[in-house]
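The chain below stands alone and is given as structure tokens, in the form predicted on its own.
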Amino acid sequence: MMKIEAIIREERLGHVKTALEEKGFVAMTVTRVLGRGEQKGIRLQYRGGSIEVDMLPKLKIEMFVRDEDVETVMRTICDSARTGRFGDGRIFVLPVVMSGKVRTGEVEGMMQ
């Protein structure tokens, strides 16, 4: 099992959710986050002046998927979140050693 963390633009969430649902991936956790990438923020014009916005609002999507579904989920997120501009986001994939269901106590993965 793998954990996918995707940082995307807030306005692309609807597109990403729809695309993932169409492929059968519905379970996810979404968190509002602040961050910046290689562009180090943006410069905005405000009331005749210029201000620098260092940390930009983003969304972090967390999903747990089977190993064989990682490429499909990554490709789906990339295709549906992409605008072609700086700040479209980033996707990380991490191995999950063990998981358990709170309601049933069912455990998957290695027991230490």
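Quantities reported herein were computed from a predicted structural model and do not represent experimental measurements. One-based numbering along the sequence shown.
Keep in mind that the form predicted in complex with another copy of the chain is missing from the display, and what follows is about it.
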| query | finding |
| --- | --- |
| Close approach of Ala81 to another copy of the chain in the predicted complex, 4.5 Å, heavy atom | yes |
| 4.5 Å heavy atom contact, Arg90 and another copy of the chain in the predicted complex | yes |
| Sequence-ordered list of residues in 55-81 near another copy of the chain in the predicted complex, where near means a heavy atom within 4.5 Å | Met55, Lys60, Glu62, Phe64, Asp67, Val70, Glu71, Met74, Arg75, Cys78, Ala81 |
